[in-house]
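Starting off, we have a lone chain in the form predicted alone, written out as C-alpha cells.
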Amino acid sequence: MRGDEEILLGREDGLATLTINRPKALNALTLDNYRRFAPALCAWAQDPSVHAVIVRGAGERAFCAGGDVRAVYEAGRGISGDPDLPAVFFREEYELIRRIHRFPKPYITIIDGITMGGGAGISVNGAYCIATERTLFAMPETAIGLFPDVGATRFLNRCPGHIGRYLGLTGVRLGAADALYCGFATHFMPHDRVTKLIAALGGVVWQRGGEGDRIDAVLGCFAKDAGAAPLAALQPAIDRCFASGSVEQILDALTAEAAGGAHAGWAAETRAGLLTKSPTSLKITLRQLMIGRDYELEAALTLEYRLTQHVMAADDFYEGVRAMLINKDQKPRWRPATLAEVGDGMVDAYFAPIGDRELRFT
C-alpha cells in the first residue's frame, strides 16, 4: 500500500480496510478506482481470513462526492478519453454496487462528510452505514441533467411516505439524523470516535460464523443518538405536496402549501428550487420512482442503466455538468427549457429498451 494510491487497501487482522484517497477531488470515484475496488471485494469475499470490510474516505471533507462525471462529460463530448466511457463507466459502477449489496460478509461504510451520488451507491446499498455529525448526504442529479441512480430507485422508495420523491427531485442535503430517519444510515457516532471504532473492529477475535452479531455488538458500544430528524416534522407537508403523479401537480401543491401554514416558507423555497432543475430530469425521475416502487436492487440498476444511456445521447447532462462543474456559471440552458415542453412521449423514449446494450447480471 502506497500513500499516493487512490484506493488504499489494508488489513487489521480479520478486518479488511479500503480508503478512497482522492481528498482534493472530494474522493469522487473514477473508472480506474472502480477497477481497483471491485477485485478487492472479490478477493475478500473468498478469503476466509477476512471477516468484515470497512470503507471510508480520506481527508476531512468527504466520504465520496460521487462518480467522476467530469470524465464522462469529456468522453461523451469527444474532448478527451475513451468515447465508450459513458457506457462502460455506469456499467462497471453498477456492477460494483450490486457486488456490495450482495457481499457475503459484513460491509461497513463511514459516511463522515460529503456523501453524494456514487458515494451513496457504495454506502447505502451495503449492510452497515455509519453517519457522523459531519455527514452531508444528497442525491443532486436533477441539477446536472441526470436522475438519482446507483440504486436510488430502490433506496429512495424505501424512505417514509413520499420523502424519497422529495429527495430525488430536489436534491436537498441531509444531515445524520435525517439519513437515519430515511434508512440510509444504520448508526450514528461522533467523528472523534471513528478511529477508535476501527481499532475495536480490528481487535475483534473472529470465529467462523456470527460475524454480524460481533459487528452489531461493537457498533452498539459506539453508537449515539443523532437527535431529532428535521424531515420527521416536515413529512406531513412533504406527503401532501409530493403525492401527485406529475411534476406540474407537485408544483401546484407546493404553491398551495406556500399560501399559508406552518411550512409555507419551506414550500416556496422547494418550489423555487425545483424550477432550476432540468425539466426533463424532473419528469424522468418521477416516472422512475413511480415505476420502481417495489424494485429490488438488480431491477433498479437495470432500469437506471437504460436511462443513463438515453441521457448520455441527449443534451441536458452535458449542459448541466458544464454549468455546475466546468464553467461554474450556475446557469444551465436546459433543452427543453420548460416542463410544458417535455411531453409524455419524450419521457417514454428514455425508458425504451436498448437491446443488447442492456445491463444484465449473471
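Throughout, we count residues from 1 along the sequence that is shown. Owing to the predicted nature of the structure, the values given are computational and were not obtained by experimental measurement.
One more form of this protein should be noted, the form predicted together with 3,5,7,3',4'-pentahydroxyflavone (QUE), which is absent from this view; the next part is about it.
Visitor: Though 3,5,7,3',4'-pentahydroxyflavone (QUE) is not shown, can you say which of 354, 25, 347, 339 has a heavy atom within 4.5 Å of it in the predicted complex?
Guide: Selected residue: 25.
Visitor: If you check 136, 143, 85, 194 against 3,5,7,3',4'-pentahydroxyflavone (QUE) in the predicted complex, which one has a heavy atom within 4.5 Å?
Guide: Among 136, 143, 85, 194, a heavy atom within 4.5 Å of 3,5,7,3',4'-pentahydroxyflavone (QUE) in the predicted complex occurs only for 143.
Visitor: In terms of non-hydrogen atoms within 4.5 angstroms, which of the given stretches 296-304, 36-44, 331-339, 60-68 touches 3,5,7,3',4'-pentahydroxyflavone (QUE) in the predicted complex?
Guide: Of the options, only 60-68 has residues within 4.5 Å of the partner.
Visitor: Mark residue 324 yes when one of its heavy atoms lies within 4.5 Å of a heavy atom of 3,5,7,3',4'-pentahydroxyflavone (QUE) in the predicted complex, and no otherwise.
Guide: Output for residue 324 is yes: heavy atoms within 4.5 Å of 3,5,7,3',4'-pentahydroxyflavone (QUE).
Visitor: Even though the chain is shown alone, can you say which residues of 288-313 have a heavy atom within 4.5 Å of 3,5,7,3',4'-pentahydroxyflavone (QUE) in the predicted complex?
Guide: The stretch does not touch the partner at all.
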